[in-house]
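Take a look at this single chain, the form predicted alone, given in structure tokens.
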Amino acid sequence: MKTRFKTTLLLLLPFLTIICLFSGFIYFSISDYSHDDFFNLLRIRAITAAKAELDLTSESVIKESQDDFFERLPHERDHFFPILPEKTFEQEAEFLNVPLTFLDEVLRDGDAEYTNKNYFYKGIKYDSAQGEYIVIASAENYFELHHATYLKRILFFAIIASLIFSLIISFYFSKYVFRPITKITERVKQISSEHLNLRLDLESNNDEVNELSRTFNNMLDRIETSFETQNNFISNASHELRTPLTAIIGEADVTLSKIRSPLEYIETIKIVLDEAEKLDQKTKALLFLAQTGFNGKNQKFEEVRIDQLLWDVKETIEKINSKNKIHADTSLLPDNPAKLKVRGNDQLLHLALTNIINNACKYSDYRVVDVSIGASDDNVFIVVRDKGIGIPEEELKYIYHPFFRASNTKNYEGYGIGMPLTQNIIRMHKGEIIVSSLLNSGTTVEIKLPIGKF
């Protein structure tokens, strides 16, 4: 059963239950009131009849009393039984078709009531001029017979009408409530891997359904980015891995096309070896990139002092290429050395910082690269600033894609693995990396790492 119909029933059932309870309350309340009112009427009729029959009241007085107390009741009967010592009323009870206890109750309490189907009996003990009498007034309860039936019919049709109206109202209410859900479902059916650019429409209000649409759109953004990244990764990886393979195959084909001299074979093998080493480096880089994507669960974290790590990185980069020039700015170093300690993996952080600073040196044509370090109460900050070729603004969002290289880096060696690898390492340390750049003016990389609690 669909949720929409369940909602219709959930709205309908409580409403119908309330209607039935109120109808039952109205019916039984009116019925009780009708019984009490009819017995009161019979009591008045019994007193009036007793006065006329036993007290020999004048006809004018009787007529006046009858005028005061309604028209004659349906099948009305009045009975007078004298109360004598040692007298029992078994014959009178049998004559009236009432239980003897009813007359005994009148005799004992002076007042009693009895009902036999639609016939009501009211008995009173009356002290007349001729002695004490039991006066019984009986009649058919016209109101019970006709009015109650009419009331039942009215209530029945009222419940049926309420049920129909409630069903209609509940149906349209549930349809109105679930209309946004229906629209979302229809829209989602249109979204596939070929149409990931589609999004759910957002309303101006800020209700739960709108929040659901916004959350779903955010999820689609992430999925679209993931798809795009995956597609770019496959495309770039295929290209990067194919390039050395093509060189190896081409060099081998050319060499084998005819008999070569030993020197030519040696030269060819050197080229093949060089391309194979490139292929090996790219494969290892890919493997390492994949390993750093597991949230660091398999990595050993320990206390790392960032300023000492930076000095080690500076020394490493200067060993890699003597043309690299790094200026370390320590003016913002905190007085408390504890603010420079983070919880991390020394080798991974060394690799990440080496990538960033080495890129700065490489793409600035070995001009001086400024490296600053500072700290706040919660984080350590490292800023690497160069005056190199920069990154085109429209390509900045792709720098973390594996094998992506900016369009202005064709004259520089590289595989496009360093930045995504660095980003993975910083994320493993719950840090943040921000890159800003101006084309032909330089690039600034800001790294923030949380201070470790030791």
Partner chain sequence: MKKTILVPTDFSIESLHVVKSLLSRAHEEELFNIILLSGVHLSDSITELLFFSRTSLIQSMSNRHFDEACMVIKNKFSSQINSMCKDIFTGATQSAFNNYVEANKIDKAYISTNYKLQMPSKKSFDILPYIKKSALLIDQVDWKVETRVTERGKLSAIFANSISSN
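Numbering follows the first chain given and starts at 1. Just so it is clear, the model here is predicted, and its values are computed rather than measured.
The following text describes the form predicted in complex with its partner chain, which does not appear among the structures shown.
Worksheet item: Counting only heavy atoms and a 4.5 Å cut-off, does its partner chain in the model of the complex sit next to every one of S372, I434 and T444?
Response: Yes, the whole candidate spot contacts its partner chain.
Worksheet item: Considering F301, F381, F173, Y142, which brings a non-hydrogen atom within 4.5 Å of its partner chain in the model of the complex?
Response: None of the other options qualify; the answer is F381.
Worksheet entry | Heavy atom within 4.5 Å of its partner chain in the model of the complex - residue from E277, D365, D329, D253 | So the residue touching its partner chain in the model of the complex, by this definition, is D329.
Practice prompt. Give a yes or no for I18: in the model of the complex, does one of its heavy atoms lie within 4.5 Å of a heavy atom belonging to its partner chain?
Written response: Flag for I18 set to no.
Worksheet item: If you check in the model of the complex, is R4 within 4.5 Å of its partner chain, heavy atoms only?
Response: Output for R4 is no: heavy atoms all beyond 4.5 Å of its partner chain.
Worksheet item: So in the model of the complex, does any heavy atom of R214 sit within 4.5 Å of its partner chain?
Response: Taking the distances in the model of the complex, the answer for R214 is no, it never comes within 4.5 Å of its partner chain.
Worksheet item: Closest heavy atom of L438 to its partner chain in the model of the complex, within 4.5 Å or not?
Response: The answer is yes: L438 has a heavy atom within 4.5 Å of its partner chain.
Worksheet item: Quick one: which of 157-165, 109-117, 308-316, 333-341 gets within 4.5 Å of its partner chain in the model of the complex, going by heavy atoms?
Response: So the stretch in question is 333-341.
Worksheet entry | Residues within 4.5 Å of its partner chain in the model of the complex, restricted to 387-407 and counted by heavy atom | Residue within 4.5 Å: K387, and no other.
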